[in-house]
Ligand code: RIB
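One chain comes next, on its own, written as structure tokens: the form predicted on its own.
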Amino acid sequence: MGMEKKLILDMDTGIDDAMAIAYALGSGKAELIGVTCSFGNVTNETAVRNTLDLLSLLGAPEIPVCRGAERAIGAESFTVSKGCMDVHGENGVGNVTLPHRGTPCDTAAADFILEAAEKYGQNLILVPTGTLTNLAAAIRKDSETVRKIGRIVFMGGALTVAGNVTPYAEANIWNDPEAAKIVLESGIPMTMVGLDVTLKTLLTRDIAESWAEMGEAGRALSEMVCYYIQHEYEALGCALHDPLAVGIALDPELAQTHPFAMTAVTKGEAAGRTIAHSFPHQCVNPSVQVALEVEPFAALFNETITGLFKRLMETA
């Protein structure tokens, strides 16, 4: 019998997304029932390929992977930024070569989310860790069904700190600010896990290096994350951006949040900025819980994924 809580990850599968998948599979707190993909760290096509390969590596090749948005709302195309290629490698997983396994399902990402919302309702947890384009598409198609989802926790945005792409914008929001505006202004309850807290959750190189002796999966994740550390905050380690969003989705008590009526700037120099409405009449529906403080997470993350690596070694 499967777990009561069901989980969908919505990802632009780069290195921190790979860590988030490992955490979700290792946690035992919700059944991962699917991964929907989009553009961002990589193209949508590469995100799908990386996700299939990672799920196979991590002992879960049966989990469906769905194609999603290939570009931002209103955009004609998408090109991976040099910054993303520098941090995640040309293939999105630190230039680590993974065996290609599996094929994506036929259901489009937004439809997969809606079908799961209808089927599981309050038992469904949705965690977008890339652009919000797939979620925006689902809201545009059937917002009432999206409202049935028990918990939506997304990684993105920055309210009290500067962005990481521009002084204003965090990468996931910057990649499709129009989608972010649709999602944030939908009135649907959700939690924002932005740079405000992810930059407080650093994983050190010595921890990542310790995984190298933990079988095929441990070696691959170790190599990926060491690449990530080298190209993000080398002296300090790497921020657990996407894994923290999954962690808070599964354990809400990890974060202290405050409710805001949020929106996103869609044009101009500040495009991609996430802001809280300043005036009382704009805060009638403060539906976005913004994580502002977080409990220590790196040790829990390491314990969870090393447990997964050890189980995979035992069954190899």
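A quick note: this is a predicted structure, and the numbers were derived from the prediction, not measured. Position 1 is the first residue in the sequence shown; the rest follow in order.
The following text describes the form predicted in complex with the ligand, which does not appear among the structures shown.
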property: Contact stretch among 166-174, 209-217, 110-118, 145-153 - heavy atom within 4.5 Å of the ligand in the predicted bound form; result: 166-174
property: Close approach of Thr129 to the ligand in the predicted bound form, 4.5 Å, heavy atom; result: yes
property: Contact of Thr274 with the ligand in the predicted bound form (heavy atom, 4.5 Å); result: no
property: Any non-hydrogen atom of Asn41 within 4.5 angstroms of the ligand in the predicted bound form; result: yes
property: is_contact(Leu195, the ligand) in the predicted bound form, heavy atom dist at most 4.5 Å; result: yes
property: Neighbours of the ligand in the predicted bound form among 239-256 [non-hydrogen atom within 4.5 angstroms]; result: His241, Asp242
